[in-house]
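We begin with a single chain expressed as structure tokens, specifically the form predicted on its own.
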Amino acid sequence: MIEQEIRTPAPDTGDRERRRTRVLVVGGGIFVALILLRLITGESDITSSGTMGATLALAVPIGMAALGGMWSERSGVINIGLEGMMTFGTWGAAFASYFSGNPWLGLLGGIVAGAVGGLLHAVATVTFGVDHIVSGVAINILAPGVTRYLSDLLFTDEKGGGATQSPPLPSFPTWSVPGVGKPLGSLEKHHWILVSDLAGLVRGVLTDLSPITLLGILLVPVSYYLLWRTAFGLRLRSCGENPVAAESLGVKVYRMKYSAVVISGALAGIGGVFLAMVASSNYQEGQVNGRGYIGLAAMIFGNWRPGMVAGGAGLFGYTDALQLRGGAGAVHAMLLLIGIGLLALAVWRGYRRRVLAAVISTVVAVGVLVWFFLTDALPREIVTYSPHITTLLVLAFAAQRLRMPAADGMRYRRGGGH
């Protein structure tokens, strides 16, 4: 019966082509802007292969948290607990990989540990009707305490381990596309306009890739297909838009919400695996370091859609990579790009007759440009926290175009509405 009532709509080929063209144009425009910024400022790390590779690596844990948040919120359950679920994932990966000696079992352990965190959130919010924010914050508080206790119990007597860290863990292999590294590295060193920049981009994203990185990239289109091209995804999304109507059509709303939140935790767990076994050689307390919250920001920036969520993760990963690779000089150069971008935004808002917004954008743009031209570098504190500052700026400018699921965060009781 439900298959007759709920059908996956046929894709609008025209809209899809327009979206694809828009993405390519915006992506190409951003890359050209970065090339021009490199030429003007002389900061070669802006488009170097090292920065591009680091961007991809740093975007993976943020992207996994963002995808996890998207799955949960598409079913109507707000998941503030992504930070804690990633923490569970880091510890689960350490436990399973260390005691088995197999990194692939570490991946499985991290997924299971993150999914357990998601299950706790689902039990609290779906079954018992606990406020979603309260439950998520509780998981974020619970996770560090539980993992510290378990580390003290299991890792203290192991060589190199302790209450705050695990012993060294087995590592994943890294893969590169054959014949890419040296030729493109040679082209990159010449610093030719466009050619060297493209060489740096391609070399950065095609060499020294971890299996977890490839898995993270693959999960973006998989999530899109499952949520927007299957009956399962349509049912799940209907629970986030109008669970009462979904129930009237025979959708098992509780089952859908449980599935989504457990998947959410598992995805966050994969991000934790990356932090413990790829970005580092062991589990360490505090390893997540706010990436779950940045993942939430990437999800909001991406308007709860996988492709845009991946773009948001890439943005935050790039700012993090830039401050790690290029330091104060490269981050300072971004002020010029931000200032010009804000001026363009002011012109667009003026054209749309949004006078107040145009004036505010202009004032901020002038302030940023003055800051750029009157200084040679940024304070170390600002450079270090540039990813977090980017998070705040993106949320501030993206808030006006967002459309969250209509029933996101609402308490739902079977047979009784909200």
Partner chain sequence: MIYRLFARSWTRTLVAAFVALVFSIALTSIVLSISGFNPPSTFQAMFEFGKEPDSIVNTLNKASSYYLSALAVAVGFRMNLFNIGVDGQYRLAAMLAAAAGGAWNLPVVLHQIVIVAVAVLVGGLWAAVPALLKVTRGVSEVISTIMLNFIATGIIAYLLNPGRLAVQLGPNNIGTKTISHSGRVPGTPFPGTDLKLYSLLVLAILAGIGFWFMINRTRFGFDLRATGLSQSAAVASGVDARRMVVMAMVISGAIAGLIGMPQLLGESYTYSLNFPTGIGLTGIGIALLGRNGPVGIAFASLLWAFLDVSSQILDFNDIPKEIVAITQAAVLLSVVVVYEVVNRVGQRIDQRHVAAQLGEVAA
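Note that the structure is predicted; figures quoted are calculated from it, not measured. Numbering follows the first chain given and starts at 1.
Omitted from view is the form predicted together with its partner chain, to which the following refers.
At the 4.5 Å threshold, heavy atoms of A396 reach its partner chain in the predicted bound form. P379 belongs to the set of residues with a heavy atom inside 4.5 Å of its partner chain in the predicted bound form.
Taking the partner from elsewhere, L374 is found to have every heavy atom lying beyond 4.5 Å of its partner chain in the predicted bound form. In the predicted bound form, its partner chain stays beyond 4.5 Å of every heavy atom belonging to G341. G290 is the sole member of G307, P170, G185, G290 with a non-hydrogen atom lying within 4.5 angstroms of its partner chain in the predicted bound form. Checking I133, L108, L215, V202 against its partner chain in the predicted bound form, a heavy atom within 4.5 Å turns up for just one residue: I133. The three residues L39, M70 and A365 each lack any heavy atom within 4.5 Å of its partner chain in the predicted bound form. This chain is displayed without its partner chain, yet in the predicted bound form the stretch 120 to 128 from 332 to 340, 215 to 223, 259 to 267, 120 to 128 comes within 4.5 Å of it by heavy atoms.
Looking at 139 to 161, the residues that come within 4.5 Å of its partner chain in the predicted bound form, counting any heavy atom, are I141, L142, G145, V146, R148, Y149, D152, L153.
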